[in-house]
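Just the one chain here, laid out as structure tokens, in the form predicted alone.
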Amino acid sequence: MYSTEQSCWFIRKVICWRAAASIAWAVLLLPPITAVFVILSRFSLLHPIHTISECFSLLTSASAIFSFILLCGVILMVGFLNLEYYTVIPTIACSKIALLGQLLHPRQILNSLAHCIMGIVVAWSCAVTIGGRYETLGYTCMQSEGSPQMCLNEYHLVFLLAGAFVGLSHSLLGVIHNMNYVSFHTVQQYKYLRFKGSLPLVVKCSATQALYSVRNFIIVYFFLGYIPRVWICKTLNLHLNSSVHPLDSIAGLLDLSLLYQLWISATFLLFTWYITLLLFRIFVTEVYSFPVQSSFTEDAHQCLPKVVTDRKPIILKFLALQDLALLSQHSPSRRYDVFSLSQPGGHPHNWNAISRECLSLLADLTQRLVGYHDTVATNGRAKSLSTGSERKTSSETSVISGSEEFMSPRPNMLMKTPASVFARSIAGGPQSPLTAPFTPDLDSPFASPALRRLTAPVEQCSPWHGSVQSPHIMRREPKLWSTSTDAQVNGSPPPPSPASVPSPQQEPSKPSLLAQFLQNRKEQLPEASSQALFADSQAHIWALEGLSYLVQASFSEDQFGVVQTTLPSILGCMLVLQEAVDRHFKLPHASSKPLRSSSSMGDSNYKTLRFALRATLKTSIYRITTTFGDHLNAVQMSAEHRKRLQQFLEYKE
């Protein structure tokens, strides 16, 4: 087993350098961006030539150079936070309580505090650059007694507070929209083309978010502006000029010049941060080519068969699977190395390692889908493991047995379903409820007899036995996606007789308003739960593409027949996964395709990963069946799998 230092070589030698390159480009782009901001903030239609010359002299002044140094420091800090908080598997909150927990996490609080400080620094630089009444926090004013004293410049204070507010809003929206999520583009492009194509979106998102942030800040300052104003005056021993209208009034906030300067400054702040984020995404997701095999033993941990099996860092595994999908399509020489035999010994170690890891990933996803389906098979209610094992249908049994057949001997999988989807009970025992995002069992003495009849077990002779219930029947159940808090650990008791139902006088008291509020906030969002289930499916998509293209190429390139020995396992694993995916899409919440939002810099590709996986899975099976054709009749498999495979051979799927 390789050491931790060897497994993290990719972070030190590749990811850190890519992050440094993205930060360097962001710093190089800062001067032209600052020049555009200065022109927009000081431009005058009546005196355009004078404005341009004034802007040029301002950009070369000592204060502008000092502000530029501060802005470079902010860019470095933003780049460091991007490197620290990025992820290739998004964290999807499946309930409002889970989202609130993410926002109040100590790590996120530190991130928000850092963005507030950076927002103040950028706002101060903007105020100094604009000059005039926004330049300083204090100024000399004359009171009624005629003695001069230092008064508070509320315009400068508003700029600083607006910068902190925009920074805080940006940090919170980053959690809500998963802005730290880094996705991999399907179409490979040069970095310059990706940057140029995304630039209009960055401008639009910066201007739009700045407009909403300034609007929200004006509302907050109108009601609470006196608090920071009084605190700053007492702390810095400043006075308020009675002859100037305070800005926390309607007359003070309806200053169009102030609103315009705030909007331009907020747009400049967000644009520089979004440019840094965009460059980081482009650089860190650049394709990396791993050697398939090496002549030196000390470099073996950097080869594709070893890298693809690594569990950490996740970015390394994703780039390895991406490289596998690309080499399987476009590189015959590297495919030859995959199909080659080791010397001495004549064993296909490269192919065995790659195929075993890909099959392990697919089998893990199959198990997760089967477990998820168990929780919603009975009108969306969570079932105990003991109860679920007694009520498994024949189709579910075949899926689980097929998954176990192709599982890797490694005990722990890399890709796990987010904890927000499969949240175990406090007991945590082997018979604890599998999940908690759904309605509790109604097998309590206080359950309605009508609802109990709807949720009764299906008879063996019923046409519903062994199949997914109709969505129309599922919609009869109220509160289909509420959290299970009273599910029993040791299975549900038998339904009580009508005589055992207690009288209305014996019914328990209603829960308190706080308990009802928390229960409503914990209700599961079905769409989010399905997205969380497929949050890491980009790895499975690459595994499917890599396997299917390698199997297709083996028909003419595999000289030693190493692929044919595992062809039954590959086909069986794909067919089992196909059945599990089909059953998942029969659920009412899984078939609705969410709309992609174009008004945010948050990458929403994870919302449609389940549809991409379904299409890739079907295409991969067709890729194999069209290549081998009737030769697949000689492959050993179960009768159920052969019947399903025949549907693909006849193009009926």
Partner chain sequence: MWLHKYDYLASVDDDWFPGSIERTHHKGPFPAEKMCSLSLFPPPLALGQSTLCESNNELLPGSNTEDRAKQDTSPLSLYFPRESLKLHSRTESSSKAAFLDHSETLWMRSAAAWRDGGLSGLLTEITNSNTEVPKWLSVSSGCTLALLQRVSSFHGSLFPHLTLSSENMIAEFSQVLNWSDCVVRAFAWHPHTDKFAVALLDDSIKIYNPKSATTPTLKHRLQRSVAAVQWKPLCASALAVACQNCLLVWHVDPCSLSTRPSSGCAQVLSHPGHSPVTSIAWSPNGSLLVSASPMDTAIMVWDVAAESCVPLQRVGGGGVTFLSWSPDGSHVLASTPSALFRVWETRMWTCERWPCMKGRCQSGCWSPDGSRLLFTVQGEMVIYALTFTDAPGISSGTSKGSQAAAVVADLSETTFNTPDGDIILGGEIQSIAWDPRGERLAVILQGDPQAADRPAIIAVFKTRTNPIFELLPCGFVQGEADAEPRLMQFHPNFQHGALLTVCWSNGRITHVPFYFLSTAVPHFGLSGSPLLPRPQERPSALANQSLFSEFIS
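Residue numbers count along the first chain shown, from 1. Remember, predicted model here, so these are calculated numbers, not experimental data.
FYI, the form predicted in complex with the partner chain isn't displayed, but the following is about it.
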Revision key, fill the gap. Within 4.5 Å of the partner chain in the predicted bound form, heavy atom basis, the matching stretch of 50-58, 582-590, 619-627, 30-38 is 619-627
Check your understanding: Given that the partner chain is left out here, which of S183, Q302, T208, Q329 has a heavy atom within 4.5 Å of it in the predicted bound form?
Key -> Q329
Check your understanding: Taking the partner chain in the predicted bound form as the reference, which of S333, T136, S249, T235 has a non-hydrogen atom within 4.5 Å?
Key -> S333
Review point. Are any of the heavy atoms in Y190 no more than 4.5 Å from a heavy atom of the partner chain in the predicted bound form?
Key: yes
Practice item. Using the partner position in the predicted bound form, report whether F611 sits within 4.5 Å of the partner chain, counting heavy atoms only. Key: yes
Check your understanding: Going by a heavy atom distance of 4.5 Å, is Y549 a contact of the partner chain in the predicted bound form?
Key -> yes
Exercise for review: Using a 4.5 Å heavy atom cut-off, state whether A615 contacts the partner chain in the predicted bound form.
Suggested key: yes
